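So this first bit is one chain, no partners, the form predicted alone, shown in structure tokens.
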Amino acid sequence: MLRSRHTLPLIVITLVVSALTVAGIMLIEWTPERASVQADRYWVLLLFLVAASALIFVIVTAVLIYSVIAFRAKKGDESDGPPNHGNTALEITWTVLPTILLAAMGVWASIVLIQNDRRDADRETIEVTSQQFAWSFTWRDGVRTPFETGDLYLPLGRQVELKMRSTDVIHSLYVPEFRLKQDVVPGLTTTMLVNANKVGTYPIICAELCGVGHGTMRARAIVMEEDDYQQFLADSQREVRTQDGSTPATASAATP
């Protein structure tokens, strides 16, 4: 009898909370578009994390709302509630299930990290230099004439390895559409692997507070078709060769 008295209100509250939660998840664009293989892998993991979190949120919130309504003390009642010695089966359940869930998330996240750190044999290397408050990108690997730009140009469908150094303080290269972020630490060379899979222009943001000009430390990641990328390389090297001196100079490549 007691169970039936609580069941229907709990079901109704659970359905309402579920509808509001699903609406909040589905109707709001929480994340930017995905533009890399790494982002697609993270997306599947994120969906699982959001679904698991939403389920836990709905259960806890529904029980909490019902408890506030059904078991609130009457006005003026300051007496202690009846003694409750707990429920062993329930305590075991809410300990074991989260443990299994966390273990599954940990294993899955480790697999994604291992996949994202796998280097392709034909990858291209681009050097990244960060300083207050600008990014610069240098091509040396596989090109006849090294050159430098203020934006990052990437070939569609081919892996690029970014080798990053800082000349002053800690910075952090972050491209939201790639779902990738890596600190750039003075005295160290840090790396990031990117497999861009969507043509477009995406913002590069410094995600580590690096000084008064931190908010202006921006650049662009420009993903190009392979033919356009090869043309960009050729044009940039030709421009450098026309300049005096043998050291790399800044190339002003046209944005596609």
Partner chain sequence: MATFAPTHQEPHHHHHEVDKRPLSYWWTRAFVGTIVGIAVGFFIPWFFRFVFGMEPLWVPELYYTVILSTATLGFLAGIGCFDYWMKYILGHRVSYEDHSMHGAYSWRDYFKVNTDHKVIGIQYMVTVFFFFIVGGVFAELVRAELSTPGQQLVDGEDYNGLFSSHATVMIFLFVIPAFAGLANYILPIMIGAKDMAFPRLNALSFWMLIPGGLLLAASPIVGSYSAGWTAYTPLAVQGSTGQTMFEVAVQIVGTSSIMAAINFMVTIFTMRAPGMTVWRMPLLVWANATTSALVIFGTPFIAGSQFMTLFDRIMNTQFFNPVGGGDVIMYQHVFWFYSHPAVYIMMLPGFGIISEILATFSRKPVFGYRALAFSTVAIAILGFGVWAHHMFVSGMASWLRIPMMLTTIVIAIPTGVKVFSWLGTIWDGKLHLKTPMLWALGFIFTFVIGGLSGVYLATVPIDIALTDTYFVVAHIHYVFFGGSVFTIFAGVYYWFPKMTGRMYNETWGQVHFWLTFVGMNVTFFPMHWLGFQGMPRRVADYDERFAAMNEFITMSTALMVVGTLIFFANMAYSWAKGPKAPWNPWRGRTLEWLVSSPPSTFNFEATPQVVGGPYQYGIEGARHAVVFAPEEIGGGELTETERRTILVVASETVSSSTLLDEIRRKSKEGPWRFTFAVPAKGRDHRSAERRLQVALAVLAEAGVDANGSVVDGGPIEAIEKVVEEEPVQEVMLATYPSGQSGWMENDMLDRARKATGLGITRVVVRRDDAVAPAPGSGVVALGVVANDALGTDGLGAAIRNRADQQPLGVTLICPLNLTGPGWTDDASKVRDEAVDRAQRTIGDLVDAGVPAQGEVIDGDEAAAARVAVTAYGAERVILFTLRGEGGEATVEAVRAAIAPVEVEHVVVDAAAPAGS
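Residue numbers count along the first chain shown, from 1. Here the rigid core means the biggest group of C-alpha atoms that line up within 1.5 Å when the two forms are laid on top of each other. What you see is a predicted model; the values in this text were computed from it and never measured.
Form predicted together with the partner chain: not shown, discussed below.
K.L.:
From the candidate stretches 134 to 142, 86 to 94, 155 to 163, 120 to 128, select the single one in contact with the partner chain in the predicted complex, where contact means a heavy atom within 4.5 Å.
P.N.:
Looking at the partner contacts, the answer comes out as 86 to 94.
K.L.:
Should Ser53 be classed as touching the partner chain in the predicted complex when contacts are defined as heavy atoms within 4.5 Å?
P.N.:
It does: once the partner chain is placed as it appears in the predicted complex, Ser53 has a heavy atom within 4.5 Å of it.
K.L.:
Quick check on Ala35: any heavy atom within 4.5 Å of the partner chain in the predicted complex?
P.N.:
Ala35 lies outside the contact set for the partner chain.
K.L.:
Does the partner chain come within 4.5 Å of any heavy atom of Cys210 in the predicted complex?
P.N.:
The answer is yes: Cys210 has a heavy atom within 4.5 Å of the partner chain.
K.L.:
Examine Met26 and determine whether its closest non-hydrogen atom to the partner chain in the predicted complex is within 4.5 angstroms.
P.N.:
No, Met26 is distant from the partner.
K.L.:
The partner chain is absent from this chain, but in the predicted complex, do Val60, Asp80 and Cys206 each have a non-hydrogen atom within 4.5 Å of it?
P.N.:
Per the other structure, all of Val60, Asp80 and Cys206 touch the partner chain.
K.L.:
Could you pull out the residues of 170 to 185 that have any heavy atom within 4.5 Å of the partner chain in the predicted complex?
P.N.:
Counting only heavy atoms within 4.5 Å of the partner chain in the predicted complex, the contacting residues of 170 to 185 are Ile170, Tyr174, Pro176, Arg179, Leu180, Lys181, Gln182, Asp183, Val185.
K.L.:
If the two forms are fitted on the core, does Glu91 show a Cα displacement reaching 2 angstroms between the shown form and the other one?
P.N.:
Where the cores coincide, Glu91 shows only a C-alpha shift between the shown form and the other one that is less than 2 Å.
K.L.:
After superposition on the rigid core, does the Cα atom of Ser110 shift by at least 2 Å between the shown form and the other one?
P.N.:
Not so; Ser110 is displaced by less than 2 Å.
K.L.:
Would the C-alpha of Glu78 be classed as shifted by 2 Å or more between the shown form and the other one after rigid-core alignment?
P.N.:
Comparing the forms between the shown form and the other one, which are aligned on their rigid core, Glu78 does shift its C-alpha by 2 Å or more.
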